[in-house]
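This document starts with one chain, in the form predicted on its own, laid out as structure tokens.
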């Protein structure tokens, strides 16, 4: 069965995420900037990079290597065009829920709304394997709403293809799993969103 992300254009995805009803693109960019400021990494990997939201927040004087992974090769082509001047940019097409990633590790792995789509099995193993000794994982998950579905209504019909591919992540369970793997929480942030939803980010440093 084909990954549903292959049927969603980047225009639809970014239009949905930036709509007044969702307002997630700006919040995700801000949280990525907070993660960068917290860790000041020389290298970073962005899982599910999509169109590169937040890459403009990278200080090239600090972060010399930027790795982006996504299942949709068309997204990666657009990132390559948009950020052609970003030195040290490496882009890889990979289904993080299915394959084992073998890449040189980085100081910060950033996973924003990735586990909701790819799960916390193989995808989480890939994320942790990319963390260099002494590095960290920053994870952003969507908090539930008491009134709205996890994937809400959208004027972009292709977004509805993702409904069956999206599951909210229990952040307490995620935190416990990471602590069992010797990743200690060092930072937390929360961003409220429309319709009672919200984003939570935790940064976990390798012990």
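Residue numbers count along the first chain shown, from 1. Just so it is clear, the structure is predicted and the values come from calculations on it, not from any experiment.
The protein also exists as the form predicted together with a small molecule; that form is not presented, and the subsequent description refers to it.
Remark: all three candidate residues (72, 75 and 94) come within 4.5 Å of the small molecule in the predicted complex, counting heavy atoms only.
None of the heavy atoms of residue 183 is located within 4.5 Å of the small molecule in the predicted complex.
Though the partner is left out of this view, residue 44 does not reach within 4.5 Å of the small molecule in the predicted complex, counting heavy atoms only.
Put simply, residue 5 is close to the small molecule in the predicted complex: some heavy atom of it is within 4.5 Å. Using a 4.5 angstroms limit between non-hydrogen atoms, residue 101 is distant from the small molecule in the predicted complex. Note on the interface: of 60 to 68, 33 to 41, 169 to 177, 46 to 54, the segment with non-hydrogen atoms within 4.5 angstroms of the small molecule in the predicted complex is 46 to 54. Just one of 79, 118, 137, 106 comes within 4.5 Å of the small molecule in the predicted complex, counting any heavy atom, and that one is 118.
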